[in-house]
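Single chain ahead, written as structure tokens, the form predicted alone.
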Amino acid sequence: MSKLTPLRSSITRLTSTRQFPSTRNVIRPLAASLQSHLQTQTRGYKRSPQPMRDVMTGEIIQLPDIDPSLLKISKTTSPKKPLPPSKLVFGKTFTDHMLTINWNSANGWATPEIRPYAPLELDPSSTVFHYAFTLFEGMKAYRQEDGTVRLFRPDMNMARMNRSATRIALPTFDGEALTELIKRLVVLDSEWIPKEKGYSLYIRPTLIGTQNALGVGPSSDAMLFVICSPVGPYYASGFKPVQLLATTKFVRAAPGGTGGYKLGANYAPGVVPQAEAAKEGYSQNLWLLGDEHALTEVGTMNLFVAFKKPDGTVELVTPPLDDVVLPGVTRDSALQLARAHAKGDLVVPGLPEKLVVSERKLIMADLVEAEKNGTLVEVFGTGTAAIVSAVDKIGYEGRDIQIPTGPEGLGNIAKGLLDRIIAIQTGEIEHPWSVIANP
């Protein structure tokens, strides 16, 4: 007999008794409430999400969103031993657990589950394999000496992930709900986050189409999963500027396309151009667009260029998004910090006292002219992995544009922004961007 049966029997006796008519109005609502609660429990597990239906017609009017209160956790019975920090290679080591949440167009988001890290089981006809229904995010968690785990601006990642999902007809979700689940995951695997300076836990939320059918159209099924990988400092042995090949042979993105979204389909086409750049002695591509050779991105990073103006002011410029450039979280952070410094609301060491910050179109002729007249101050990229990466050379039309980087291999502006962002990420400087994951 189920352990719940005696309680159900008691409830039935209470609601059917005629011995206490004066208390019937109290007992019946209480019994109904208890019965409802029992019906939502099965052997100790929480209820499954249910669609919201119209009370008159019974039609589904809202599918269930992600609900952290339903989280099911299945801990690994075979925990792995984390590698020594010095042995970590970016993206090669993964923690003990992962988060998975399924979705379908009939029932919405299913019960979220944190379970042991393991291969996914997908049908060969899944739409992700054939039509690139896939998007992802990159974010990091940091652990302090006292065990506090921090995320950096997760709301920005969630907003961008939803925007990407909308672009390729995958389901959207409550960003705050997913953030809560990610917190649970990283705290559970927090021992995998090295405490050494410069180390962190790279977090990869991913959303894929899983409908088992051939034919191009919105995927009726999807899976959201999150995996985590401990990573070391990008500059383990000092700052190393990168060399760029400004390419007109290949185009990363065009207006009206998908360049402004973090889709898997945007990354594989960049591998061959990067390999060709490497053959010519360059680290990455500088992606150009149009007949004017407008600057867009550096490899997979956002681009910043600093120019010295005649009155001594330094202008820090980044290309506008314009549906071509990915709205990077680090890009936005660098812009906000630089603008606060320029307004006098904040002092960021390393940034010039007279600074203006612009989002405007840049063309290669601007860099060629600035190098010629000595007004090119520095060039750098921003992104989750490196945070900031200096550029010391750009190959363009058969010659190299030389760019100052300073004695440390990183210009003052890039270094100042890097130091401030790291201080916020690690909790050295308290800031709303740094979100504590611990309960």
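What you are looking at is a predicted structure, and each value in this text was computed from that prediction instead of being measured. Quick note: we count residues from 1 along the sequence shown, nothing fancier.
The next section is about a form of this same protein that is not shown, the form predicted in complex with a further copy of the same chain.
This chain is drawn without a further copy of the same chain; in the model of the complex, the residue among G147, G198, P269, P349 with a heavy atom within 4.5 Å of it is P269.
Contact with a further copy of the same chain in the model of the complex, defined as a heavy atom within 4.5 Å, holds for exactly one of P85, G108, G175, P273, namely P273. Looking at 302 to 310, 365 to 373, 255 to 263, 139 to 147, the stretch with residues near a further copy of the same chain in the model of the complex, meaning non-hydrogen atoms within 4.5 angstroms, turns out to be 255 to 263.
a further copy of the same chain is not shown here, and in the model of the complex it never comes within 4.5 Å of any heavy atom of K343. For F225, a non-hydrogen atom is located within 4.5 Å of a further copy of the same chain in the model of the complex, even though that partner is not displayed. Proximity of L151 to a further copy of the same chain in the model of the complex falls outside the 4.5 Å heavy atom cutoff.
In the model of the complex, a further copy of the same chain sits within 4.5 Å of a heavy atom of R204. With contact defined as any non-hydrogen atom lying within 4.5 angstroms of a further copy of the same chain in the model of the complex, the contacting residues in 112 to 128 are Y117, A118, P119, L120, E121, L122, D123, P124, S125, V128, given in sequence order.
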